[in-house]
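Shown here is one chain on its own, the form predicted alone, set out as structure tokens.
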């Protein structure tokens, strides 16, 4: 696969031709380069609120984490969504959610000593790159001081790779609106009422509402105005 790191310690993504198809390999390269136990990426799709994850944890912990629904309570994820600065796990509140996740993690040999670096993208997407290592707290703090600026750059690179992948970007940029739904949203963006649109398209205003309801659902919008705004931001329709 070649040397992914230049003299400054940054990853040259051009040397990883299939990075977009094999994020786990990419994360293992980061893990081995910096001598940490594990590296994990989690990103939230702003359209359907799903969480995309790529980790170096073994399959047993992955299965346990998913089965327990820990992504819903994991404080490392939730704190990253609220922060713009790196989140030191030692500063997280030791509440019930923290204890639920990390007591089980400990049973799988995973330390509660780590950091999560949040990333915010241009589509409202949010991601976080986490690194963890057990052992001496002094050594961990020294490792963070030496490499945190590099990890912040890596977090952005990893996030950009994920959101530009076909599976993720298709949801971000192109919900599966029908041609009729897009047509009706376009007329709505131009200020036409449902009755106006029905007259233009020779359909009933009730049929117009059915298509709008479907479009709102696909765009995860609460109102028609919100659906139009999201469609415009995604380039699916144009401002009137």
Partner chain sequence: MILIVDALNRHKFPMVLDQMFRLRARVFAGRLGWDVTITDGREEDQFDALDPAYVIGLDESGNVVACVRALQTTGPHMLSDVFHAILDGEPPLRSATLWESTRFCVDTERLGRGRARGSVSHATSELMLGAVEYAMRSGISDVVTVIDPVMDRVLKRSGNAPYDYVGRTVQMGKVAALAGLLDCTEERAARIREVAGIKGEVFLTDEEALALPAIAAAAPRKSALETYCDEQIAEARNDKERTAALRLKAALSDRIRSHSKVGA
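Rigid core (definition): largest C-alpha set, two forms, superposition within 1.5 Å. The structure presented is a predicted model; accordingly, all values stated were derived computationally and were not measured. Numbering follows the first chain given and starts at 1.
One more form of this protein, predicted in complex with its partner chain, exists but is not displayed; see below.
Of the heavy atoms in residue 91, some are within 4.5 Å of its partner chain in the predicted bound form. Residue contact with its partner chain in the predicted bound form: residue 66 places no heavy atom within 4.5 Å of it.
Under a 4.5 angstroms non-hydrogen atom cutoff, its partner chain in the predicted bound form lacks residue 111 among its neighbouring residues. By the criterion of a heavy atom within 4.5 Å, residue 118 is counted among the residues contacting its partner chain in the predicted bound form. If you check its partner chain in the predicted bound form, you find no heavy atom from any of 25, 62 and 71 within 4.5 Å. With its partner chain left out of view, the stretch that reaches within 4.5 Å of it through heavy atoms in the predicted bound form is, among 28 to 36, 207 to 215, 52 to 60, 188 to 196, 207 to 215. Contact residues in stretch 81 to 106 (any heavy atom within 4.5 Å of its partner chain, taken in the predicted bound form) are 82, 83, 84, 85, 86, 87, 91, 92, 93, 94, 95, 96, 99, 103. Once the rigid core is overlaid between this form and the one not shown, residue 38 does not reach a Cα shift of 2 Å, moving by less than that. Comparing the forms between this form and the one not shown, the C-alpha position of residue 182 differs by 2 angstroms or more, with the core used for superposition.
Superposed on the core, the two forms barely differ at residue 63: its CA moves less than 2 Å between this form and the one not shown. Note on residue 219 and residue 129: their C-alpha atoms are nearer in the predicted bound form, a change of at least 3 Å from this conformation.
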